[in-house]
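Here we start with a single chain on its own, the form predicted on its own, put down as structure tokens.
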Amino acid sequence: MKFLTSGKVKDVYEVDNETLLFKFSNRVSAYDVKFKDEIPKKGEVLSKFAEFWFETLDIPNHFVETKSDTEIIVKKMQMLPIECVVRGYFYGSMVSRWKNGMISLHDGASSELAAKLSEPIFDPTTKSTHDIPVNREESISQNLVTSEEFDWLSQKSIEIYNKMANISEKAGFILADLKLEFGKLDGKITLGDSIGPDEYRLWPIDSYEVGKIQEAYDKQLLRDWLTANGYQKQFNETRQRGEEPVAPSIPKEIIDKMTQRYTTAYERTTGKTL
């Protein structure tokens, strides 16, 4: 196999002219900063979650087969240069963007932290080192997608979010938001990349409370620790100086908790054990 590229979490290899191998690692990143510390079992959870969602969702996707505990084979696709984000709850970057007038809520939607939106919002971004939110007009004018493609992606992404939210709810979780990626395979838009706790926020229903920071069963746990300890602010200030931020060491208790929560999220959602 030929090594092609190494991303924040997975390494990509070319198997042949039609397929790729995704090898999921235990690496972790947050706020576009890569950390030296790793999260045990994370790669296995991401790989098996990808297999589960691709096989569960009733939509054409590029998944072929599982190769090992941390590897899957997928079909090659021409990826669309847009990340399809669906938000079901008022949380994360959406809060500051709403305060700055950069995004609107549906009529009747609550602006209280972590409140459920009256209906899911399609909130896509560009695909770059630092993803930039784009609306329908910007997506089309920047030639990311056509108007027909944008409308299809919006509708399909929300459909997928709703189905995943229902499955998550049965497992005792709230799916707060979701990031999907699509590409073209044989001329048809097809679901691609991977789907797991690095692509969504997952909250346990039994501890959910509007108006507070939620208990995270995803990498939001690391983001919250960084924010609480001033690192997010440091990262932003460092970038404003034209420099690249340096990741701090992650405390062992955060690492252990992330491993436990990633594992619990997988086992409760799928009914399978690692």
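All residue numbers are counted from 1 along the displayed sequence. This structure is a prediction, so every number in the text was calculated from the model and none was measured.
The same protein also has a form predicted together with a small molecule, omitted here; what follows describes it.
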Note: exactly one of Asp123, Glu71, Glu181, Glu149 sits with a heavy atom within 4.5 Å of the small molecule in the model of the complex, namely Glu181
Answer key: of Met79, Ile132, Leu113, Leu105, within 4.5 Å of the small molecule in the model of the complex (heavy atoms) is Met79
Partner contact check in the model of the complex: of 141-149, 169-177, 71-79, 88-96, the stretch with a heavy atom within 4.5 Å of the small molecule is 71-79
Can you tell me if Phe22 lies within 4.5 angstroms of the small molecule in the model of the complex, counting non-hydrogen atoms only? yes
inquiry  = If we define contact as a non-hydrogen atom of the residue within 4.5 angstroms of the partner, is Val15 a contact of the small molecule in the model of the complex?
reply    = no
- [ ] Indicate whether the small molecule has at least one heavy atom within 4.5 Å of a heavy atom of His62 in the model of the complex.
- [x] yes
Non-hydrogen atom contact Lys127 with the small molecule in the model of the complex at 4.5 angstroms: yes
